[in-house]
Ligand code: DGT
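Single chain ahead, written as structure tokens, the form predicted alone.
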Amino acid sequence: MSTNNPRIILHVDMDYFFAQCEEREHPEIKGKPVVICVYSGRGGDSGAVSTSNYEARKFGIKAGIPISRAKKLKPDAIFLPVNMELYRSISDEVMEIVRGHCATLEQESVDEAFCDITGRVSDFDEAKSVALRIKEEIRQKVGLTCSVGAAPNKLIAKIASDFQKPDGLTVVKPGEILQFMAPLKITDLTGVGKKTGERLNELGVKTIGELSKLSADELVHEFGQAKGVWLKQASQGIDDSPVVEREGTEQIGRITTLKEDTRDLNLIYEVINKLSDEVYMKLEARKLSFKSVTFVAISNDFKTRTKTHTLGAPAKDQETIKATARELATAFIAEYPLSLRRVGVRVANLVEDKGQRTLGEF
């Protein structure tokens, strides 16, 4: 690759995503400690914290701790159950914005993605402008903040996105990698878990800079061939892994708030048709087919429920989305005596249209 066209990767990471989604939906809780919980189903406060906003983190409430402990740390915090349908639908909006700026997008999870902009920009100053545009577009269209790292590879981009959270932007140019990484903690190196970090600490290694001074032989002796070599390379900011589109894991959805809580199927159908049109336009733009359709219902008790139908073969037409979503909505209303507050339509199991096969391919 020529020096005129350097490899440039962005890592876009939503800030405290689940809690931020809830703040968007319920503006009255913004500024208060918010804790999103995964309840175990055993009753009471059995379960763990999924994430928390920064106000809650000030009290020591972080992902993974028991809900019961979180309630002792801040009894008057707002504790909410995970609402994955809401987060997925908001994630769909975010990823579509990011995709608009990418040559290739690799969605890592519901709230983060790598974006390869190599060839779309000529240098890291332009990359910074793209990152600022992504951040602003997400803020304007989705109402959320994110943090972005720009770097010559995925490893550094991911570390950079975490560097100035929340609402951060960190650009690391090729000549700045070692200087940027040197003072960071060992566990800031993506892929270094608690055990490896503790063992390195025992060896007197606290920072990535100190790790980079160990020889590959020493690391291989301590951690084995594969991990030892990886640690040596990673500590020097070396990472050649490509940004790869993950086919089949993605989904496209739209969700909206109804003008009023309702069980009137005619009103719900009207909204389904509009949402289906929007979903179809996104599929069409990216030449994708789908194998499943989901109707998302958020009732007036704020609970989210879904109904999904999987097709026998991939489809790509508008009418299949509309008709299937309407059928699922009809079944939902018959099953649940609830008025709906929000409704959504989602397609998943997406595959690229390969086009019509020629005789030579048979």
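Residue numbers here begin at 1 and follow the sequence given. What you see is a predicted model; the values in this text were computed from it and never measured.
Just so it is clear, the following notes concern the form predicted together with the ligand, a form of the same protein that is not shown.
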Spell out, yes or no, whether the shortest heavy atom distance between K316 and the ligand in the predicted complex is within 4.5 Å.
no
Just to confirm, R57 within 4.5 Å of the ligand in the predicted complex by heavy atoms?
yes
At the 4.5 Å heavy atom threshold, is E23 in contact with the ligand in the predicted complex?
no
Interface membership of D111, the ligand in the predicted complex, 4.5 Å heavy atom rule:
yes
From the candidate stretches 290-298, 27-35, 326-334, 44-52, select the single one in contact with the ligand in the predicted complex, where contact means a heavy atom within 4.5 Å.
44-52
Which residues in 12-27 have a heavy atom within 4.5 Å of the ligand in the predicted complex?
D13, M14, D15, Y16, F17, F18
